[in-house]
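One chain comes next, on its own, written out as structure tokens in the form predicted on its own.
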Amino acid sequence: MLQLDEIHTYYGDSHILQGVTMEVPQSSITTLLGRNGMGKTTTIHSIIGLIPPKKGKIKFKGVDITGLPAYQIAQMGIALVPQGRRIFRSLTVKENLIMGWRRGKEGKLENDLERIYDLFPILKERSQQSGQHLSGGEQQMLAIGRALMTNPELILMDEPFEGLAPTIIKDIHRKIFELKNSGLSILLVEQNIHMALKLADYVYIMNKGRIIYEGTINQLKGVEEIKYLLTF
């Protein structure tokens, strides 16, 4: 579904991503773990076109998308749930969802809205409330729902559990698992290690702009340096 091949990305003169190679298979959850400032969000922004890499290639379903503008990448079927949610606080829940809509197979806005309301019933209850009156968990559900309204094949989630209460984390964890079972491919960037590992089919560990380990959860748990880096 997604392939990164030797990606190098810069902020000005700062060399942030230093040869990142990874892939996201279809209908799977791939997790990118690492501490703060290691390049995880830059990886997400490189994929979606916000900070194009200077070297390397990014392919989506075999098509080279390196350097394409973000709107064009989104139209191809990649959605982003950004860190910090970034909902439109002055708009209602329904207006936020409509802002993200891209025509899917059924081609009907109301059907897509009902699909999101079925996934997150609280959003239907809050549909006429403005984003600024939602709790943190409800805002995160709205951010995920808005991304799903683009009818993506691949969704990038940048720390979706950040700052949420444990009960809300468990609820969103279940919803992400449902999305994977529906056939959606997910790249999950997280610092909530234990929750991320419960979801992951495959894990990449990033340190200082490089992928330092990759493998299944069981493979990684046996590596002593990983325990040190991530505190399993």
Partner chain sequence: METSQIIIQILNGISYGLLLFLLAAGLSLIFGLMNVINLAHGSYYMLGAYLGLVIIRHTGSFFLALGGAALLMSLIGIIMESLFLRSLYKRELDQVLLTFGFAYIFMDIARWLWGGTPRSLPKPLFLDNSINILGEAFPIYRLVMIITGLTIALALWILLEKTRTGIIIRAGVNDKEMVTAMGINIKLYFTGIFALGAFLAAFGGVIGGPIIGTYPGLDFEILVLALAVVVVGGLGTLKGPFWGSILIGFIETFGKAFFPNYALVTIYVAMALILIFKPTGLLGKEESS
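As the structure is a prediction and not an experimental result, all values here were calculated from the model. Numbering follows the first chain given and starts at 1.
Another form, the form predicted in complex with the partner chain, is not on view; read the next lines as being about it.
Run the contact test on 126, 136 and 169 with a 4.5 Å heavy atom cut-off to the partner chain in the predicted bound form and return yes or no. Answer is no for this spot.
To verify the annotation, which of these, 197, 68, 50, 179, has a non-hydrogen atom within 4.5 Å of the partner chain in the predicted bound form? Contact with the partner chain in the predicted bound form is made by 50 alone.
Does residue 98 reach the partner chain in the predicted bound form, with heavy atoms at most 4.5 Å apart? Close contact exists here: in the predicted bound form, residue 98 approaches the partner chain to within 4.5 Å, heavy atoms only.
Does the partner chain come within 4.5 Å of any heavy atom of residue 108 in the predicted bound form? No.
Contact of residue 119 with the partner chain in the predicted bound form (heavy atom, 4.5 Å): Outside the cut-off, so no.
Contact flag, residue 82 vs the partner chain in the predicted bound form, heavy atom cut 4.5 Å: It does: once the partner chain is placed as it appears in the predicted bound form, residue 82 has a heavy atom within 4.5 Å of it.
Would you give me the residues of 144-183 that have any heavy atom within 4.5 Å of the partner chain in the predicted bound form, in order from first to last? Residues within 4.5 Å: 146, 150.
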